[in-house]
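Quick setup: one chain, the form predicted on its own, written in structure tokens, and binding and motion questions come after.
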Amino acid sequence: MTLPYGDVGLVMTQNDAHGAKAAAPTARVVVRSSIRSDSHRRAVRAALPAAPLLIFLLLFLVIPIGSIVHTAVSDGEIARALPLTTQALQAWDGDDVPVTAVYMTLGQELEAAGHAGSIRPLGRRVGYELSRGANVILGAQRTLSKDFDRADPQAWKAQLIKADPAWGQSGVWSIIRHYNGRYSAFYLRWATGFPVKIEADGRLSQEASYDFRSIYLRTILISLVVTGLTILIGYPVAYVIANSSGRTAAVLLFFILLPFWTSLLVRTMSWIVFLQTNGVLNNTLARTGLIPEPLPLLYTRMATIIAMIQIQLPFTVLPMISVMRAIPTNQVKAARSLGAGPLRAHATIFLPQSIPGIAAGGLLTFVLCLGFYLTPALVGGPSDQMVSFFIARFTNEDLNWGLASALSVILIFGAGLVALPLARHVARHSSDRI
């Protein structure tokens, strides 16, 4: 069939239109993809200068914190040493004691743990939760090394109960049964102040333990007191420095920065020399006749707070200075010219604008105080020690890394819970001139 010339042109025109319409979405997709690719390349190039910082944060912040969290929830000593026993105890209802065959399985695994060198970590872990738990485990392993009928499950049970009557009660068995995996919340429960230690019969132990909730409260109260006093002391100092010029401001700022040039240990030891019984302060007061005998100043809560204030004062003052210097001085002068007194002009004009600096300095001081260890340990008494002291103790002396990590996790979480909202508030209300 032959089409007229005009019809052929019409058909070709319609085909071109359909092709153009079909190609238009493809072209838009290509353009969008090109735009996204270009934006991605620009974002990558813009982020390259920050790569060293990101790597530093990954290596020295994210990975260490992740390691601490992992240690706080790792709890595999029992499952590694007694895998068959924990598996067999899953069918136990928790009443009375397990069946005789489980005693034989446990005894065999205790012997294997003794040969593998994992009996002491097992005993230490059970001892965290059971009164005399380490003795129960180690005593059983020693008793099983003696001669008895190893083919008779009843003989295994008799040997274990002979080693320690705790094997004839449910307490130790419930512990072994509960921890059948590599991870648990045991150390976190312990670090948050929940009772974790039990007696051989399963009752909660009355043995004195650490009151971690009081330790947290003490840490927060000392940090709040130090933060408040550094703000009260540092605000006038920051105001004078911010409104001074020339040599006066330079000299005052020099004295603020001077502590940074001295070791923290040296500054803390100087307070010991100053506050001790035969120290500078007591000798001065005695010579002037103000006191009949030396005052007990060292190893007290007051000594801890004074030393921490002296150490933290620069961290509070410097953010205040940066904010106060950005406040136009003519605003206060205008308020004075309109009849406001000096105190009213300062309280209504200058103080509200300096609040971001006060909040930033106070936040920095409070967070740093939460982690203080050296100063309370050297100048404070036993009732003045903060969370960091116990973290160091469990790490270096007791070798209880799980509990030390759990305390660290709670301290980090608590500090973040306080710091992040306040930091956002400071950033939202800070002037762009800071």
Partner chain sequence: MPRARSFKQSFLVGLVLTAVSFPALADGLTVVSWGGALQEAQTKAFLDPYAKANNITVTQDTWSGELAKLRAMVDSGNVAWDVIDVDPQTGATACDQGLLEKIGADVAFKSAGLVDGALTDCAVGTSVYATILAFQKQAFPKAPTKLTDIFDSTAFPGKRGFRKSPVDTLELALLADGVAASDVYTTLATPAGVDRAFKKLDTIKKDIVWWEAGAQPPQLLKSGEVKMALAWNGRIADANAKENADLGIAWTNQIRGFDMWVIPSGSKNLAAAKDFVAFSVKPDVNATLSNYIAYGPTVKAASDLVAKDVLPNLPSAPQNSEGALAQDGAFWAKNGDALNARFSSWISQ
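Residue numbers count along the first chain shown, from 1. Note that the structure is predicted; figures quoted are calculated from it, not measured.
We do not show the form predicted in complex with its partner chain, though everything after this point is about it.
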Given 222-230, 202-210, 92-100, 340-348, the stretch touching its partner chain in the predicted complex at heavy atoms within 4.5 Å is 202-210
Would you check, heavy atoms only and a 4.5 Å threshold, whether Pro382 touches its partner chain in the predicted complex? yes
When the contact criterion is heavy atoms within 4.5 Å, does Gln276 count as touching its partner chain in the predicted complex? yes
Given that its partner chain is not shown alongside this chain, does Phe390 nevertheless sit within 4.5 Å of it in the predicted complex, heavy atom to heavy atom? yes
4.5 Å heavy atom contact, Ala166 and its partner chain in the predicted complex: no
Contact residue in the predicted complex, from Gln331, Asn135, Thr71, Ser244 (heavy atom within 4.5 Å of its partner chain): Asn135
Report the residue, out of Leu160, Leu298, Ala360, Met104, that has at least one non-hydrogen atom within 4.5 angstroms of its partner chain in the predicted complex. Leu298
